[in-house]
Ligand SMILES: NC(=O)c1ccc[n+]([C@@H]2O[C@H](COP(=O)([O-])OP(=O)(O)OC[C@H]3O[C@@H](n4cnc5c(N)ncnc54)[C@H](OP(=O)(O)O)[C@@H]3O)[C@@H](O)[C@H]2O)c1
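To begin, one chain is listed below as C-alpha cells, in the form predicted on its own.
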Amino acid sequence: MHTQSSNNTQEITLVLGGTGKTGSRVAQRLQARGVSTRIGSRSATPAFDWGLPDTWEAALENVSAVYISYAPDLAIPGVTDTIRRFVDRAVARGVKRLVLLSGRGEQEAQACEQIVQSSDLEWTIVRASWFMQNFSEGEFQGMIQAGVITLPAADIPEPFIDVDDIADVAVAALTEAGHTHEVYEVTGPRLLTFTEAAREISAAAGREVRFMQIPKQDFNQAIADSGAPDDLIWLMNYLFETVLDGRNAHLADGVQRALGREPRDFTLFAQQIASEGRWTAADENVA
C-alpha cells in the first residue's frame, strides 16, 4: 500500500494547488493508487488559502505527506515567508513527507527549496520550468487558436516539460521509497525555441501558427486588458525578463532518474492536443 502503515492514523496526502495544472493530475494519480487524498484549494472542503494561515490547520489534519504547488509561482515576492510558516506548521502537525514543485533557474524558488530541505522531513524537490500545457490549457491557448503566439520573448531554446511527467515524478516521490532528499530537475527530451514550438503546433493542427516577438509594453497592455490579476502580470514579466534569458537552455535528467524512462516529447504532446480539438482556429469555433 502506498499510504502510511495502518497503525498510523495520519494517512492522508494533501495536494496543494489541487485544482491546478500539476495538482489536479497529482490528485488523480494518487486517487487511482488508492491513496487517501485531500485537495488543497479555496474551493475545497476544508478550504485552503495560502493567504489565510488560519485555513491551514484543518487542511493538515491527519496528513502524512504534502505536495506543495504555489500559484502563481514561488518567485512572487514574500512567498518565502509563507512557505516557511507552512513548513513549520506541517512539522508541528506530524507531516512526514514534503514534495515541492519548484522553479528552474529562479533564485526565489531555490530559497523556498532550502526551507523545505532544512525541515528534517522526508523531502523531494521537483524543479521545472515552462510547461508544454501552457500552450493547451492556459496562457497561450487563445493565441494558438488565433494563429499567432505573440510574446515578448526572444527565440531562446527552452526544454518544455509535459505536466503529466511532472505529476508522475511527484506521485512517485509522495508514495514510494527511494526519492527522499532528491532534487529532480525535470525537462523535456529536447530544446525548442518558440518558433520551433509554433512549427510543431502548426504540423499537428494542420494550419499555420506563427510565433511573433512583440514589445514588452504591448504584451503588458494585452494581459492587463484581459483582466489578469496583478500578480500574474508581474509573474509573466518576471519569466520573460529573467528565466527566458537562456539560463534554462540545457536538458536535465530528473524524469529519467525518478521514473526510469524518457520524458514525453513535444511532438507527441502537440499531436494529442490537436486530436482533442483544443487548437481549433478561433473562427472555426465561432462557426
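Remember, it's a predicted structure, so these values are computed and weren't measured experimentally. So that there is no doubt, residue numbering starts at 1 and follows the sequence shown.
FYI, the form predicted in complex with the ligand isn't displayed, but the following is about it.
S.K.: In terms of non-hydrogen atoms within 4.5 angstroms, which of the given stretches 30-38, 47-55, 240-248, 215-223 touches the ligand in the predicted bound form?
M.R.: Careful reading of the contacts points to 47-55.
S.K.: Spell it out for me: taking the ligand in the predicted bound form, does every residue among Tyr70, Asp73 and Ala128 have a heavy atom no farther than 4.5 Å from it?
M.R.: The answer is yes; Tyr70, Asp73 and Ala128 each reach the ligand.
S.K.: Is there any non-hydrogen atom of Arg257 lying within 4.5 Å of the ligand in the predicted bound form?
M.R.: No, Arg257 sits far enough from the ligand in the predicted bound form that none of its heavy atoms falls within 4.5 Å.
S.K.: Asn134 near the ligand in the predicted bound form, any heavy atom under 4.5 Å?
M.R.: The answer is yes: Asn134 has a heavy atom within 4.5 Å of the ligand.
S.K.: For Leu101, is any heavy atom within 4.5 Å of the ligand in the predicted bound form, or not?
M.R.: Judged by the heavy-atom cut-off of 4.5 Å, Leu101 is in contact with the ligand in the predicted bound form.
S.K.: Examine Gln271 and determine whether its closest non-hydrogen atom to the ligand in the predicted bound form is within 4.5 angstroms.
M.R.: No.
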